[in-house]
Each structure stands twice: as structure tokens, then as C-alpha cells.
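Let's start with one chain on its own, the form predicted on its own, as C-alpha cells.
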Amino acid sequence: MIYEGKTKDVYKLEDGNYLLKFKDDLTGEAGVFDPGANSVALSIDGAGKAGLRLSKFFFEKLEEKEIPTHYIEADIEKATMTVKSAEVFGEGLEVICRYRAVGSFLGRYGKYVEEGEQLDAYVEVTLKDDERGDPLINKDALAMLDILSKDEYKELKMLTKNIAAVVKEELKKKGIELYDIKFEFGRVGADKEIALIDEISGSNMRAYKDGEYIEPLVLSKIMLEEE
């Protein structure tokens, strides 16, 4: 094991790839789930496997569309996902695509926007920095700090919108609306191609059906039609 995370542990394999071990822990505040939170708030039996099942589903959809990711394969019973080695930007970035004004966006800009107001796939980038509350950062600062070039930022933003659109469309097939979703990216392979890393599960998105928020385990069951 080379890294113990909030919701996953990371192991390095002999062949140079990595193994992600999904946990049953979820981020939030005061025992309430929040995909944007920086600490573990609750643990639910089966959450890790549910997140992995949904991640496998979405990664394979992206593979069909030739969108680059680090995904290789998943073992649901062991709650593990094998992935390619990836070099993160700086010490890690989180990229959020927003379709509705909720969460931290509403907290920052509530003077100018109504809760739940439609947004046009608005993309935000934050630094992974728990101590400083994952501060927002713009493309000029990313380039100035040598974290991400302006050309890389343009590609990152395009990938974010394309991937979010795929997720949004798949959710729509089940009558579910995507409000926002958080991604992580890295440079993969010898050519340092920008690719989606980490996961795509209910624990990093806000999804609603008939105006009601859908919890991560429930979302996985609806999407995969589990009994």
C-alpha cells in the first residue's frame, strides 16, 4: 500500500499498474453525505462495491467512446479496480462540472443565483488541499504555478464536459437528473495523455429523481437494475 485515502486505498503492483481498494466510507459533514466534503462522515455496508460497480459501468461506457481513462479492469467481489499509472497535476486537482446551482457553488454565489437554478455545464477546478478547504483556482494561476499549462487546461475542460455529458445522458435514461459531478485527471502513458482517473460513482456526484436526492447506494441500484 502506498496511499491510504478517505474512500480508497492505493496499492502498487509489480507490473507498474495500481490497485484501488474501495472502502465503505463516504465523505460528508455531521454524518450527512456530501461529495464535496473533505472528511469521512459515515460508513455504509456495501458502499465500496456499489461505487465500484457504477465506476466500472461508466468507465466502460467511456472506453466505448474512446475517451481516455486509467481504467483496466475491476473485481467487484474484492472491491478492487486495476488502473494504469498516472501522474497527477501538482498534488492533485478536482474538476467539477455543474448543471444546477447547489453545494459550494450556491454557498459562494447565492447572492446572484437561486438554489437549483440551471447552469450550462459550468466547470470549476480546485486544488486537492484539505488544510485549505480545496481552494478554487483559475487557468492563469494553474499555468503560473506550473501545475497545468493553458493548453492542458483547455483539454481538461473539454474532457470534463464530454465525460459529464456521457454520465448525464446515462442517468437521463433512468429518469435521473445530474446536478453536478466531480472528476480527477492525470497524465497517463509515455505520451502523458490527459485521462480521467479515480472513480465515477454516486459518491462524487449529486443526482436527483423527481426532485429528490438519490443516495449513492440507491443510485447504483437504479442504474444497474440490481435487486
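Predicted model, so just to flag it, every value in this text is computed and none were measured. The first residue of the shown sequence is 1; numbering continues from there.
Although not depicted, the form predicted in complex with another copy of the chain is the subject of the following passage.
Report yes if any heavy atom of Glu91 sits within 4.5 Å of a heavy atom of another copy of the chain in the model of the complex; otherwise report no. Result yes; Glu91 sits at the interface with another copy of the chain in the model of the complex.
Taking heavy atoms only, is Glu77 within 4.5 angstroms of another copy of the chain in the model of the complex? It does not: once another copy of the chain is placed as it appears in the model of the complex, Glu77 has no heavy atom within 4.5 Å of it.
Taking any heavy atom pair closer than or equal to 4.5 Å as contact, tell me whether Asp140 reaches another copy of the chain in the model of the complex. Because a heavy atom of Asp140 falls inside 4.5 Å of another copy of the chain in the model of the complex, the answer is yes.
Is Glu155 close to another copy of the chain in the model of the complex, meaning a heavy atom pair under 4.5 Å apart or at it? Because no heavy atom of Glu155 falls inside 4.5 Å of another copy of the chain in the model of the complex, the answer is no.
For the three residues Lys111, Leu119 and Pro135, which mark the spot I'm curious about, does each lie within 4.5 Å of another copy of the chain in the model of the complex through at least one heavy atom? Yes.
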